[in-house]
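Below sits a lone chain in structure tokens, taken as the form predicted alone.
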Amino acid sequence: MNQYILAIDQGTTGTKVLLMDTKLNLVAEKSTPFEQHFPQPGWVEHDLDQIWASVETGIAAIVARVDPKQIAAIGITNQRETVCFWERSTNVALARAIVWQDRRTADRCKELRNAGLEEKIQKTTGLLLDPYFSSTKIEWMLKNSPKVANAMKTATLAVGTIDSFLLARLSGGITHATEPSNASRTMLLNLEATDWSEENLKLFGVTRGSMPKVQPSFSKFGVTKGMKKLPDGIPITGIVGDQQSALLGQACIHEGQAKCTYGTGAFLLMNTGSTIRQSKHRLLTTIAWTEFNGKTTYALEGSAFMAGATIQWLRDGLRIIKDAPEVEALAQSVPSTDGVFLVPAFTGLGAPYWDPNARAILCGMTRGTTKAHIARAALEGIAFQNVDILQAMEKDVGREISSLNVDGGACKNNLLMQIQSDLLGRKLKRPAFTETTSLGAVFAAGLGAGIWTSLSEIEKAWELEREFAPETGLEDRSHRLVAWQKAVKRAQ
């Protein structure tokens, strides 16, 4: 009898559920979008019931294809930093989730920074003070939602990232847990101890009892109970935050290997092994995963908030394309941007700038500028952000990387990948299976269930589809990077 692994890939704009057999053949998949809520400028929220409905829709489509009793394990990967609030005994949401893109706590982060707390927080958590992370979001909700604040006072509140919320719903409310890759994005985890920092919990007014238990990424978190389409008792054995999951799915299991995921944002992670490498160039230190034997792998990370979302803006805001794939042909219809730059700081600038008040600019236009130049500038803007991050990363580790693995939806854009290779001056390697975030969840669940017993087993599954090599010289690259920096300064 075949055995299957079910992976739930819960993202910022939709949820994908897929099923693979233990030989990593894709059996079925279903993607379901859900609504984004923007109650005020700079605010981004998700309705937890809508997220859960998207998960149930995906599961229903999957189990229609196979006998659900053949599912050996379930893995979860999820948008990180987004924080959820629900009633512990009923699993009822107490508020909308505050999404990682949300900027409402920018002033609070500035206040903490002015108080001289950033260095201490970075040393403990690996993170810099920015509204991107969960801690100030939790603090804001406790101060602004009487329902949530009361639940904390009565010890009925459950707080967690999306993985914890899904785990609670999957297990019928029995399990309130998370794992280090997600927990390390909250600004509440002590990286070295891989447990909650009592000092940071106190700083942000969070009780330990409301937070989930932290356990290894590859371990048994619980079993299904009371699901509409799944039998009780299926073990949930792997959870990894989406970007760390992509690192795992890319089989970047050795120190020095790196990947870039092109999703809503762009996220570069470099495996730093067992070393907690504190960045001197405003990158983040994060946990990649913790194995069932307690061994923890760390990573350096840099994030650009707008990648695929920049293309969505061309489609929905400027309306110069009808759908995202059109951007490649449009941008390729001109040989260059003709001096046009788009700095996509629509929600501020991420690493290495961390400027929540920066705003997007489109500059360098003339009467000869066309929508094709703007489309190409958008692709270059995505790529330039990643150059800034990788250069900072290489300075932190003291060496250059020879190649960068790429994945995510936008990596299918060949022109973007060539532009990225040209601007980085590095080779890009695109795998045969580009949905590596979902694949990482499969790997995590399989490792937690004992289907695979070591990371080296999954390394053999990685397969190259195409390699991109730089086609421009150092002089041209340097000139363009200088011009990009001038554009960035105008956005700040």
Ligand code: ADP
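Keep in mind that what you see is a predicted model, and the values were worked out from it rather than measured. In case it trips you up, residue 1 is the first one in the sequence shown, and so on. For clarity, a rigid core is taken as the largest C-alpha set superposing within 1.5 Å between two forms.
If you look for the form predicted in complex with adenosine-5'-diphosphate (ADP), you will not find it shown, but the lines that follow are about it.
> To test your reading of this chain, name the stretch in 174-182, 387-395, 353-361, 406-414 whose heavy atoms come within 4.5 Å of adenosine-5'-diphosphate (ADP) in the model of the complex.
Partner-contacting stretch among the options: 406-414.
> Using 4.5 Å between non-hydrogen atoms, is Pro325 touching adenosine-5'-diphosphate (ADP) in the model of the complex?
Yes.
> Check Phe133 for me: does it contact adenosine-5'-diphosphate (ADP) in the model of the complex (non-hydrogen atoms, 4.5 angstroms)?
Taking the distances in the model of the complex, the answer for Phe133 is no, it never comes within 4.5 Å of adenosine-5'-diphosphate (ADP).
> Is it the case that Ala309, even though its partner is missing from this view, gets within 4.5 Å of adenosine-5'-diphosphate (ADP) in the model of the complex, heavy atoms only?
Residue-level check for Ala309: yes, a contact with adenosine-5'-diphosphate (ADP).
> Heavy atom to heavy atom, is Phe341 within 4.5 Å of adenosine-5'-diphosphate (ADP) in the model of the complex?
Looking in the model of the complex, residue contacts with adenosine-5'-diphosphate (ADP) do not include Phe341, since no heavy atom lies within 4.5 Å.
> Using a 4.5 Å cut on heavy atoms, which of Gly263, Gly348, Gly126, Gly381 is close to adenosine-5'-diphosphate (ADP) in the model of the complex?
None of the others qualify; the residue that does is Gly263.
> Can you name the residues of 328-356 that have a heavy atom within 4.5 Å of adenosine-5'-diphosphate (ADP) in the model of the complex?
Read in sequence order, no residue approaches adenosine-5'-diphosphate (ADP) (within 4.5 Å, in the model of the complex).
> Is the C-alpha displacement of Ile174 equal to or greater than 2 Å between the shown form and the other one once the rigid core has been superposed?
False for Ile174: its C-alpha shift is below 2 Å.
> Could you check, with the core superposed, whether the Cα atom of Leu330 shifts 2 Å or more between the shown form and the other one?
Shift at Leu330: 2 Å or more after core fit.
> 2 Å or more on the CA of Gly308 between the shown form and the other one, with the rigid core superposed, yes or no?
True for Gly308: a C-alpha shift of 2 Å or more.
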